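Just one chain is shown here, as structure tokens, and it is the form predicted on its own.
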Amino acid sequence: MVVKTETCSFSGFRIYPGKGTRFVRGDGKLLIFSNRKCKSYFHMRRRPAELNWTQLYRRMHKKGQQEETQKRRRTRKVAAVPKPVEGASLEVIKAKRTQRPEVRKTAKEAALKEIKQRQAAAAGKRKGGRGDATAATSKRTSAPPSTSEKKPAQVVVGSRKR
């Protein structure tokens, strides 16, 4: 047979049938106290978190939770398993991870250079059939500004420059 127990509104202790007192507050809330001590402390407006014999205090100060922490430590975390990506097998991914940064950098630069050459060749074909990719990729240098063009003088108003 299962016995229905209630919990004390102040201390958090279990209250068995036939024990405890009930108090109905002005707003209609029903409060159940396990004994006269809990009831009087409640009416004196004591905080159960500050009384070390209440369940709330024990919960806040982590008392009596040693068994639970030991159970938590036993659980193992699942290790992440590397999976192949579409277009690259697992061996290729592992090989790239183990590469040195210098090797990775040179491979990246070579790939970028090849892409730029392809783009330049495509741009040359669009312009007029010029297939000279090297001329398209070379940087155009502009002539230095002439000395005859001078900047306008700064206007001084008061003592500040604008």
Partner chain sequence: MIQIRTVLKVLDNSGPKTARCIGILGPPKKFATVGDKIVVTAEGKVYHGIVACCKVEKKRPDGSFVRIDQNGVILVDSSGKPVGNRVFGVLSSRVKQPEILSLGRVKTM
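All of these numbers come straight from a predicted model, not from anything done at the bench. Residue numbers count along the first chain shown, from 1.
The same protein also has a form predicted together with the partner chain, omitted here; what follows describes it.
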Sort through 36, 118, 43, 97 and report the residue having a heavy atom within 4.5 Å of the partner chain in the predicted complex. 43
Proximity to the partner chain in the predicted complex, single hit among 60, 30, 107, 122 (heavy atom within 4.5 Å): 30
Taking the partner chain as it sits in the predicted complex, is residue 13 in contact with it (heavy atom to heavy atom, 4.5 Å or less)? no
Looking at the partner chain in the predicted complex, which residues in 22-53 have at least one heavy atom within 4.5 Å of it? 22, 23, 24, 25, 26, 28, 30, 43
